[in-house]
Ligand code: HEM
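Next up: just one chain, as C-alpha cells, the form predicted on its own.
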C-alpha cells in the first residue's frame, strides 16, 4: 500500500533545487543502503561532492514514479572537514554543532542507549557524510549502489566507515505497516488526503520559506548554502522483537487478545488500520486504503478508550486530542523516511535468535533537531502532556524498572513490567543541502 499523493496544484517551492527525498515518498516494497563516510582531506571531500552531485535528483516531478534515488547530508564535523569558513560554521544552530552524542541528556539517551555504548562510527567526530539510496526493486537498488561506488573508486581523502543495507515490504520488523503518515507540505502541490490536516507551512520543513509563525526560520549563511536545505536526524535502533512477542504472550491468553494488546501499544493494528476506526478487530482492507488509513482524530476519544492516551502513534502525533501541556502540534511535525533492516521475526517466535534487525529512525525538517529533542524528552519519555505522569512510550522509550502501560477502561488496566523493545545503537544530526549548495560546497 503506497500512500501516493497526486500533484493537484502548481508547486510554489523551488523543487528543482531541493533534494528529492524531502518530498518523494519511500517506495513499497523498498530496498536501500545507508553509508557513512569520513573526509580525511578537504580536497578529497570536495571532489566527493562533485562526483556525487549528478547522482542526487531534485524534488521536481516528485509525483512521478522513479526507480531509485540518492540523498546526501553532512554533519557539522563534515562541514569542518570540508574547510567551510568559521563564520559560516557559526551560523548553524548550537545543537547541530554539538552533535547528537553531546545532546544525550536532552534526548534521554542514558544507560544502554548512552553514547558510550553506540556502535562505531556513531558518537565519534569521524561521521562526516551520510549517503542514503532508496529503490523500488532489488535490481534498481544494486544499479544505484554500483553507480555510487564507482564514484568512490580511487578517490583519495575519503574513507567509508559503515555500510548498512535495509529493505522491507512496507512492514517493520515488529510486523506493523509503517511509513505512511506524513504531513502535507504547503507549496509542494500535493493533494490533501482525508485526515491529513491542513498543509503545513513549507518553512517548517525547508529553509528559506515562511514557517507556521509567518517568518522563515533562521538558516545558515550565505543564502546559497541555507536556502532549500533542511536538517536530518538519524537514529539507529536494534529491535528486541522476541521480547515484544514474549510480553504479549505474558499479558494475553489468546492470539486475538495478544493482537489487540499489540494494537493498543501502538495505536494501530499490524495491518495499519487505526484503533480510532477499528477499535474491536483488525480491518486489513482499511490498512490498504490510502485515503482512509489516516482519516481520524482523537477529539471524540478524550479518555483513550479506543486509542490509549499513551499509545505510540498518539504520542508522536496527538492530532486534535486535548493535551495537558499545550503545544502547537503543527510545529512538531516531521517528515519521516525511516527504514527497517534485518529479517522480521514472526509473532510466534519467543526466543531471541541474536540476528541483527531493527529500525532506522530518520526525521527531516527545518526544526527536525529541535523537534526530535522535544519528542524524546517530553512525548516519548514522559506522560505529563497527556496526564500519564511517568508512563513512557511503550515502543521506543528506555523503560525504567517497574514500568507499566495503561489501557483505559472501566476499570482501566495497568499492564506491569513493560520492557524496552528498542535499544539505540547510535545516531547523528545532519544538514541536507540543496543541489546548488552541494555545488557551492564542492568548490
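Just so you know, these numbers come straight off a predicted model, no measurement behind them. Residue numbers count along the first chain shown, from 1.
What comes next is about the form predicted in complex with protoporphyrin IX containing FE, which is not displayed.
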- prompt: in the predicted bound form, which of the listed residues (179, 220, 99, 208) lies with a heavy atom within 4.5 Å of protoporphyrin IX containing FE?
  reply: 179
- request: Could you tell me which one of 246, 142, 103, 319 places a heavy atom within 4.5 Å of protoporphyrin IX containing FE in the predicted bound form?
  value: 319
message: Taking a heavy atom within 4.5 Å as contact, would all three of 237, 266 and 336 count as contacting protoporphyrin IX containing FE in the predicted bound form?
response: yes
- prompt: Counting only non-hydrogen atoms, which stretch in 28 to 36, 66 to 74, 390 to 398, 42 to 50 is within 4.5 Å of protoporphyrin IX containing FE in the predicted bound form?
  reply: 390 to 398
field: Contact label in the predicted bound form: residue 312 to protoporphyrin IX containing FE, heavy atom within 4.5 Å
entry: yes
query: Though only this chain appears here, would residue 81 touch protoporphyrin IX containing FE in the predicted bound form if you measure heavy atom gaps against 4.5 Å?
result: no
query: Does at least one non-hydrogen atom of residue 372 fall within 4.5 angstroms of protoporphyrin IX containing FE in the predicted bound form?
result: yes
- prompt: Is there a heavy atom of residue 359 lying 4.5 Å or less from a heavy atom of protoporphyrin IX containing FE in the predicted bound form?
  reply: yes
